[in-house]
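To begin, one chain is listed below as structure tokens, in the form predicted on its own.
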């Protein structure tokens, strides 16, 4: 296992390099430039030329890429933002990523807390009212987008009942380990509605996949053999069926984790959360090349690490899987 992990980590280097290079080149192929307009006004050509010279945009692309790699690898510097003058990409990520990570982790925990039990119960109670009810709720959760659920929750619980704040984030609450929220009443008042908005869709997807996977597993021959040996139904389900049925669920948790902890544009926009999600979208329209490449690189790092953890979890869930 150790050799496998080291080999995978070494593979991260060419993978991340290819992603950065592709993003670096493709974003510059988009028509327009970062200094074509400031607000609604176009800059004089001389000013644009000076700005391009300042940020080395007048150099060949290969030279810009080499300079960028040197700054990232040697200096750990993702470069300055072209849109947010006086701020670097490192500062933008430092300020916004902890907030997105809080929201993402809380939403993922809520999705697991609801989705796993719902999927398991639906599979064990197949073709009953519980199964039909759980399936209906799961389909409803997948079908209702965040852009609809978020405003609906705000209208009911913030405007009508006045239980929670309409928007923003309890960012002034103290953090444990830099991003994990501590029990703080003010923080939780701001966090509940966006967490439910984002976590509901995750729980629905997890519930549907858990139900389908467990239904397939409990029909396997080794489950029939375990029951024929006289094992208790609880032991058959927990020790044999449930563990193996979690492999497809764990598979989707890797990309899901990377997606939610690096920012979700829709939920953060609805609730006015100053997270990282907006920078994934607005940086493209702004032609803010360093922010585009920096956020893509950050997401890629989270994704490859999450997939590595998923592969390691496979070996724990299924003893037949070996990496040596």
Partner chain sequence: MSIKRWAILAAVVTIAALILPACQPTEVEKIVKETVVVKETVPVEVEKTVVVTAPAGPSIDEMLETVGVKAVDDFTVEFTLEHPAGFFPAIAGMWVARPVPQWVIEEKGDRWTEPGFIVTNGPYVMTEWVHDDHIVFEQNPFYYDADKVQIQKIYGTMIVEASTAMSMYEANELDDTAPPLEDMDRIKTDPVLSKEFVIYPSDCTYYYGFVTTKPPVDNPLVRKALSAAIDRQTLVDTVLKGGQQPANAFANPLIFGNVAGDPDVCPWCLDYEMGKEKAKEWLAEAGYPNGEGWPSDVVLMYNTSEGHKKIAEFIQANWRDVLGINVNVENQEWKVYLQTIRNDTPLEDAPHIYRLGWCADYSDQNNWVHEVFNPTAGSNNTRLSADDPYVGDKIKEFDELTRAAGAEQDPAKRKEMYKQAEKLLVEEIAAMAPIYYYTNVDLHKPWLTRGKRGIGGYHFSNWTIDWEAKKAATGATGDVVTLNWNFGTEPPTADPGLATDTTSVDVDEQLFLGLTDFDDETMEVIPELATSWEVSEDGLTWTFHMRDDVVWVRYNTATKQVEQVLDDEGNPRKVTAHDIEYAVKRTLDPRTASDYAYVLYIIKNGEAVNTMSY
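Residue numbers count along the first chain shown, from 1. Quantities reported herein were computed from a predicted structural model and do not represent experimental measurements.
The next section is about a form of this same protein that is not shown, the form predicted together with the partner chain.
Among the residues 189, 227, 125, 83, the one placing a heavy atom within 4.5 Å of the partner chain in the model of the complex is 83. Residue contact check for residue 219: none of its heavy atoms lie within 4.5 Å of the partner chain in the model of the complex.
Although the partner is absent here, residue 10 is not a contact residue: none of its heavy atoms lies within 4.5 angstroms of the partner chain in the model of the complex. By the criterion of a heavy atom within 4.5 Å, residue 253 is excluded from the residues contacting the partner chain in the model of the complex. Remark: residue 277 does not count among the residues lining the partner chain in the model of the complex, judged by a heavy atom distance of 4.5 Å or less. Contact with the partner chain in the model of the complex, defined as any heavy atom within 4.5 Å, is confined among 152-160, 243-251, 210-218, 133-141 to 152-160. Contacts to the partner chain in the model of the complex (heavy atom within 4.5 Å) from stretch 270-293: 270, 272, 274, 278, 279, 285, 286, 287.
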